[in-house]
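Same chain, two versions here, written out as structure tokens and called structure 1 and structure 2.
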Structure 1
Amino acid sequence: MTGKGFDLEGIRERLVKRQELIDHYKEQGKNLDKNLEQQLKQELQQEHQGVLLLEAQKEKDDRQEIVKLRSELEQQQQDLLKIKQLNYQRMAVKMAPPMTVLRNAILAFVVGGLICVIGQVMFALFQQGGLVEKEASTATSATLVFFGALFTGLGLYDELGKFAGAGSIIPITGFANSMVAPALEFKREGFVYGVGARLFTIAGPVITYGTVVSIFIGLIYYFTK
């Protein structure tokens, strides 16, 4: 490579002009014309190759200025690639729906509380049916798990999750959903490698860490009672 590739002053001048052009497009939030973008990429590639060749020919003590210029060229190559990324991010931010934190918090509180109220009603009904407190509690949990799994299979629990957000992930019903949802998603892979293998994808860590924590709590209770 000769001439233009080894003209360090020319490379620096073009480096400055290109940076001004890149900064202008960044500020305007516009994408470069395809032909212009291709032209700049080719210029940068040629200049980078020329500087690399010159760096290899120089002695170690004389390379500092060349190395700095090479780093600037590499940085400009990255800046050129970032123009589209920045513009895409700006467009995504503009098109993103507005934050509704207060609404989400209220819905989560209301729906989560409503599920708990339903559980309490079930508990009272089981007690009225003749079950003692411990048996009524077990029956309530089993019933809530059943309905959580059923509604997940029918596709209704996902709709509830979209509406209620965190209110739908309360223990028991949310746990049932976390077991059934991945099993349904991978059922086409078969009952062993699909349903069986994926059944505890989300629920597995909950069971594991829940069991470990319960053991520690039990030990603390045993030695402090």
Structure 2
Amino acid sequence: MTGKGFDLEGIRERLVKRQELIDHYKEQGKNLDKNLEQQLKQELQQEHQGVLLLEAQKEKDDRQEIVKLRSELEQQQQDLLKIKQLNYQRMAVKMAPPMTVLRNAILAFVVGGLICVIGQVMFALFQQGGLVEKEASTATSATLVFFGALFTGLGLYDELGKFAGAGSIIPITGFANSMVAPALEFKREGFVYGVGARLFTIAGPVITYGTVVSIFIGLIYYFTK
């Protein structure tokens, strides 16, 4: 402790006592009295500084015990802060504007469904045009990707996304949007680090994890068939 010499046993004792106090307030969900909180904070700060200095003076091999004590002190500082934080968050949540869950859900359902209907129409047209089922499905995906990209470029897809939410994110048009939007935005950083790299900001993880999972599936199938 500052200017008072070190008394590790004393620090440990106070640590335990303080923890009891903190746990008590935590359970009650009450804030500490301002003066008490200030006093605890000050105490912790003093002890932390003292322990830090002691740690600096010790040889490397003798530090273990003191490092443990230091991290316990740091944990307690966090615990003390947490009481106030949690109480505040509990109060703030009550003030938050109501989420428009129902409206969002309906819009997501309708818009997502409609995009799939458009896909179904395309699919039927491609089949009529002579493509077999798989080809028609691929052609549908590619066409939807094209329109997703185009509407992003025209600045319309984000307007749709604003109210459709997941309804315009989850269809493959949303995948196209997730590629084009960052690429467009960072175009001014050039075609390599701007457009080229940013195309894969969100598509990158999608393709990465999709590929990895498909490989696992292939392997599992190979060894279990």
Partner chain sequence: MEDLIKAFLVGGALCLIGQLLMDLTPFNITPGHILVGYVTGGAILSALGLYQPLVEWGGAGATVPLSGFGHSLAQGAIESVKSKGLLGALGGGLEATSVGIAAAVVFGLVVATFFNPKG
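Note that the coordinates shown come from a computational prediction; the quantities given were computed from them, not determined experimentally. Rigid core here is just the name for the largest C-alpha set that superposes within 1.5 Å across the two forms. Numbers given to residues start at 1 and step along the sequence of structure 1.
The form predicted alone appears here as structure 1.
After superposing the rigid core, the Cα of Val180 is displaced by less than 2 Å between structure 1 and structure 2.
With the core superposed, Asn87 shows a C-alpha displacement of at least 2 Å between structure 1 and structure 2. After superposition on the rigid core, the Cα atom of Gln128 is displaced by less than 2 Å between structure 1 and structure 2. At Gln28, the distance the Cα travels between structure 1 and structure 2 is 22.4 Å after the core is superposed. Taking the core as the reference frame, the CA atom of Leu219 shifts 2.7 angstrom between structure 1 and structure 2.
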